[in-house]
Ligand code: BES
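As structure tokens, one chain now follows by itself in the form predicted on its own.
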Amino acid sequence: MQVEFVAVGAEPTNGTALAVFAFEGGTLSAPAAALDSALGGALSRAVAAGRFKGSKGQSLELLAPQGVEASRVLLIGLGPEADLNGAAVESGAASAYAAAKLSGATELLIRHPQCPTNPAARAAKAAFGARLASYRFDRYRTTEKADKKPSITTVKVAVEDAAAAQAAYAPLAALGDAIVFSRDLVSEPANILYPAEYARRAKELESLGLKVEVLGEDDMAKLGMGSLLGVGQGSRRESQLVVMQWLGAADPASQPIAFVGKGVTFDTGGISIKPADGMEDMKWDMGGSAAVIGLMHALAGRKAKVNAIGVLGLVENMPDGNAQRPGDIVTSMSGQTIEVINTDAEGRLVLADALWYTQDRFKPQFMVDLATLTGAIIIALGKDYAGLYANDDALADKLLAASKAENELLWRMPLPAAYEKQIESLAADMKNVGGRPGGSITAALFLQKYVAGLPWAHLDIAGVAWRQPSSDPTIPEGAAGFGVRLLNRLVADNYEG
């Protein structure tokens, strides 16, 4: 889909869906009021005759209206006028795209409420919202009928200074590319995206200026990564550790920041096999790693002035005759031993070695890991919030601020030392599960043992990596790309020199 910025007075054509906006209570925005006048009050009459109240995401459609060259006019609700900001316009533009995408119109022209202080930034947010809403994973659809496919090929955003808006949009375009890349990875089936193929796609990002290394099983064995390697030993697909570096700071040798992602490209549960119902969803058990690679894509794409490390632990958890067994004891890179009680609690085993490797090699300022780690976090927080665990209040506060700014919601959870008793083992230094009570908490406490006092945060994103249904118009049903926006904002607001 093409995005363009055009003059405020740009006129629609017969193939255009023209979007304007209203506020809670049905009050028309200035562009909508001007259009209403051109239409002889048709918008006002339609609002009065129906149930359109201007609520966030609500839409009203006029077909082939007289008084304007457009195939249809869309009136989109933005919610309370007092809450109008860039995020509201982003969401409104996404709703406009959703309302127009199957209409048959080939162009969407967005006339949003202009911002008196920074119109270019607001126009850029409108374009960004439409871009995110247009995401569709359709590469394997071969018989889909034409009327089921989106017809919109171009989105135009009206703004006073198109050049300034284009400049403001450039970093958002880079972020959008990264989110799409992340969503594509999460959407791919496991027969296509297995660890080696994932690593190959990461390697291709060297074209953006990233440095990418791939460690195979022999490399990891030499490093003593028995915890990670144990997870993948039942698969014919070789496990991989991908190490990505973006050195954008003025001093390329300055201390980096680091992000670590769980990349289980398919999770059967291993010998502790999952039920068949819903197991197909486990193709997205690599959502944490997709967030990390998406972040690295975004940082490179917008040439961020920071040194950042991204580490992806990539495995496939399968139940063959060589698979890890419940009761096995493995030795992690840290030297700590782990009794594997449940082979379906595999993500923490992958992250244990990936975290230790990251801090041991790079000595970063902090580490943030992301993982679709536990079903327990979904029971605790539902499907709108990810769980945040942290050993450092300052890092946690920065993540929460970034979460709020980007509407990728986090809720801080406790890390009570008393719960560590649940993962004590009679045979090893620890066991990999602590029972049902506080399951997400004990998983985080397990990971904390591989951090060695470094500032660290763990994001359990099991409930938010995949949205079905989705209540956010910028996230079509399916892969959310959760974490890319959040982490990009964290870096931009706090760590770029």
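None of these values were measured; they are calculated from a predicted model. The first residue of the shown sequence is 1; numbering continues from there.
One more form of this protein exists, namely the form predicted in complex with the ligand; it is left out here, but the text below deals with it.
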Per contact check vs the ligand in the model of the complex (non-hydrogen atom within 4.5 angstroms), the hit among 283-291, 406-414, 351-359, 175-183 is 283-291
Quick check: do D267, D344 and L373 each get a heavy atom within 4.5 Å of the ligand in the model of the complex? yes
Heavy atom to heavy atom, is I378 within 4.5 Å of the ligand in the model of the complex? yes
Any of the heavy atoms of V451 lying within 4.5 Å of the ligand in the model of the complex? no
May I ask you to state whether V433 is within 4.5 Å of the ligand in the model of the complex, using heavy atom distances? yes
Residue-level question: is K274 within 4.5 Å of the ligand in the model of the complex, judged on heavy atoms? yes
So which of I441, A462, L447, L35 gets a non-hydrogen atom within 4.5 Å of the ligand in the model of the complex? A462
